[in-house]
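Have a look below at one chain only, the form predicted on its own, in structure tokens format.
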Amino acid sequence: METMDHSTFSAVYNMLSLGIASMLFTSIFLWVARDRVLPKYRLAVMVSATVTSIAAYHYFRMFDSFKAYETMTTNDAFLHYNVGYRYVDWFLTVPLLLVELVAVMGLAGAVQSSLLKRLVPAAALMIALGYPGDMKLGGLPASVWGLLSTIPFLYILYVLFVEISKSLKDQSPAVRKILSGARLLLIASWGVYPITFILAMNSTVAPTAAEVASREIGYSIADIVAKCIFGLMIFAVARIKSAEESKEFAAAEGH
């Protein structure tokens, strides 16, 4: 039976280590720097820090779980490696990513509440419906679970690129540029997940070592982009908006 060679094991092991470091130190930075924005934007920064903190914990768990591949055959190791850690992480963090995006825009309470009431349940539903298909659970073909998961994903796209675009018009050019980029970055990084899902959709056996490595490296890169880089962009927007709205803040921060 196939075993994972040292170079493949090291590549995944090092990528998971990079995930831990990225999530952990982004969390520390955001928690420490949360007071460097006006109070109305601190929620967005704190949600960003919460996202990376949750992810840091789950990357520690995945890092520890992945050690099974060092001594076991790929088939046995796959049974010991808990892929569910990623889905628990996504179930918690994906809705929060949308919360931080909406929170940093400083919208009127009613508009913000309306967006969150639609985005958060859709994001949670998207992850919940994807899990049984990825894990080949629930009695339905993976393609059916994938199709069901795509429905809330398309709805999120609609809200992000139609509904939120209306609100972006009220932002300053500098903020609008960063938020537009952050929105595209989020969707681009999310695009890795359905591609990986489709590639593994027809598999009826445990994945090969190469498939596991590609999956874990791809997911880890997408996570770092969607959580760490996106979170830092949200922090940058909060800083710009704080300086735009308060001359005292701008002077104190050297803007």
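Here the structure is a predicted model, which is why all the values come from computation and not from measurement. Note that residue numbering begins at 1 and tracks the sequence as displayed.
Keep in mind that the form predicted together with another copy of the chain is missing from the display, and what follows is about it.
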**Message:** My question is simply whether Arg34 lines the interface with another copy of the chain in the predicted bound form - judged by any non-hydrogen atom within 4.5 Å.
**Reply:** yes
**Prompt:** Would Tyr57 count as touching another copy of the chain in the predicted bound form under a 4.5 Å heavy atom rule?
**Reply:** yes
**Message:** Can you work out whether Arg42 and another copy of the chain are in contact in the predicted bound form, taking contact to mean some heavy atom pair no more than 4.5 Å apart?
**Reply:** yes
**Request:** Verify the contact flag for Thr196: yes if a non-hydrogen atom of it lies within 4.5 Å of a non-hydrogen atom of another copy of the chain in the predicted bound form, no if not.
**Result:** no
**Message:** Just to confirm the contact call: exactly one of 181 to 189, 154 to 162, 141 to 149, 85 to 93 touches another copy of the chain in the predicted bound form at a 4.5 Å heavy atom cutoff, so which is it?
**Reply:** 85 to 93
**Message:** Is another copy of the chain in the predicted bound form close enough to Arg215, Ser220 and Ile229 that every residue in that trio has a heavy atom within 4.5 angstroms of it?
**Reply:** no
